[in-house]
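First, one chain by itself: the form predicted alone, in C-alpha cells.
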C-alpha cells in the first residue's frame, strides 16, 4: 500500500473539477505555472490525455495517483511530443476501426517546461509540427530548469541570475523567441498566455480547442523559488510582465500575428525587475543603469516594430 497524504487523496477524489489541480499536491506556493494550468484544464476538461515531460509539473502526480481526471502519461524531458504522436495515432486507429466512437475521443495535450520546449524537446516538437499533428501543447515557461535548482535555460532572460549564471551581470545570453520559431512552422495556432490575465487566456484556449492541428501555447510562469520573490506577488508580477511589455500577449493564426493586449502606456521594466531577487544585482549595492537601460531598450524596440 502506497502512503499518500490524505489531503492529496481528497483533492483527487472528492473535489469538483474547478479545484482539481493543486491543493495537497507537492507544488511550490505561488507557482505561476500551476496558476495557468488550472485555468487551461478548466476548459480542456477530463476528456483529455496529458503527456507530461519530466519537469516541475511531474510533481503533480504521486504514483499511482494523479490530479487529472482524464489520463496522464509521463515521458522523458525531450520525448513528450513523440509520446503525443503515439497517443494520437492510437486514438485515430481506434476511431477508424470503430473500436471507440467520436464521443470517446480525447484531446491530446503535451505539458512541458521551458527546458523541454525551448531546448531538449525542440526537435521532437518540430517533427510533430511538420506532420501537422492534431494536439495541444502547453509550455509553462519559468525561464530556467526550475525542477533542478533554476539553472539557466534557453528561455532565461538577459541579466537574470540563475544557479549557473552567478556573475555580476547575471545571464549574458538572451531569451530564445520560441513563439517565432513555432510560428515559422505555420501550425494551426500559436499563442502566448499568462495566468494573471485569465480572460485573455480563456479566449485563447477556447479558440485553440475549436481548431484541429498543432496548437501551441507558451505560458509565462512566475516562479517564487527560482525568481526569488514572495509567493503572494505572483499575480502582480504576472500583470507587470504584461504592463511593462516584457511579455507580449499575442497569437499566430491564419498566417498572421495579432497582439491581443497592447500596453498603450507601458510601465518601466524596472517595476517588474525590482520585485525579483534574480535581478537584485541590478539595483544593489549599486544601480546598474547600463544593463537596466539595455533591457528597457530591447522592450521599446519590440513595441516600436509592433506599432
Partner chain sequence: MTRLLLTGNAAAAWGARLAATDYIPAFPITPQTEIIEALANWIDHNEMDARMVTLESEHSMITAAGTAAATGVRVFSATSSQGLLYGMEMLYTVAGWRAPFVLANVSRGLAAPITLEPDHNDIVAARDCGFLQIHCATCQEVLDNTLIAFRLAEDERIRLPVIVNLDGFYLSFTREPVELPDAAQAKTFVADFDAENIRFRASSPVSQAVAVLGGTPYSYFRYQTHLAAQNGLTVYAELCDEFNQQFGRQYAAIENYRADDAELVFVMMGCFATKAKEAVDQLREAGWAIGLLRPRLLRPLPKEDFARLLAGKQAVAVVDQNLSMGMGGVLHSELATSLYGQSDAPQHLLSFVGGLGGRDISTEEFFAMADAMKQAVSSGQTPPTRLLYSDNEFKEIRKLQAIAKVQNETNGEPR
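Positions refer to the first chain, counted from 1. Because the structure is predicted, anything quoted here is derived from the model rather than measured.
Below, we refer to the form predicted in complex with the partner chain, which is not included among the displayed structures.
Whether 70, 75 and 99 all lie within 4.5 angstroms of the partner chain in the model of the complex by heavy atom: Checked in the model of the complex: all three residues contact the partner chain.
The partner chain in the model of the complex: contacting segment from 140-148, 221-229, 196-204, 117-125, heavy atom within 4.5 Å: The contacting stretch is 117-125.
The partner chain contact in the model of the complex: residue 58, any heavy atom under 4.5 Å: So residue 58 counts as contacting the partner chain.
Proximity of residue 93 to the partner chain in the model of the complex, heavy atoms at 4.5 Å: Residue 93: contacts the partner chain in the model of the complex.
Distance check, residue 47 to the partner chain in the model of the complex, heavy atom within 4.5 Å: Contact with the partner chain, yes.
Close approach of residue 79 to the partner chain in the model of the complex, 4.5 Å, heavy atom: Yes, residue 79 sits close enough to the partner chain in the model of the complex that at least one of its heavy atoms falls within 4.5 Å.
Contact assignment for the partner chain in the model of the complex, among 253, 62, 28, 275, heavy atom within 4.5 Å: It is 62.
Sole residue of 209, 87, 188, 181 within 4.5 Å of the partner chain in the model of the complex, by heavy atom: By the 4.5 Å criterion, the partner-contacting residue is 87.
Residues of 99-122 having any heavy atom within 4.5 Å of the partner chain in the model of the complex, listed in sequence order: Result: 99, 100, 103, 104, 105, 106.
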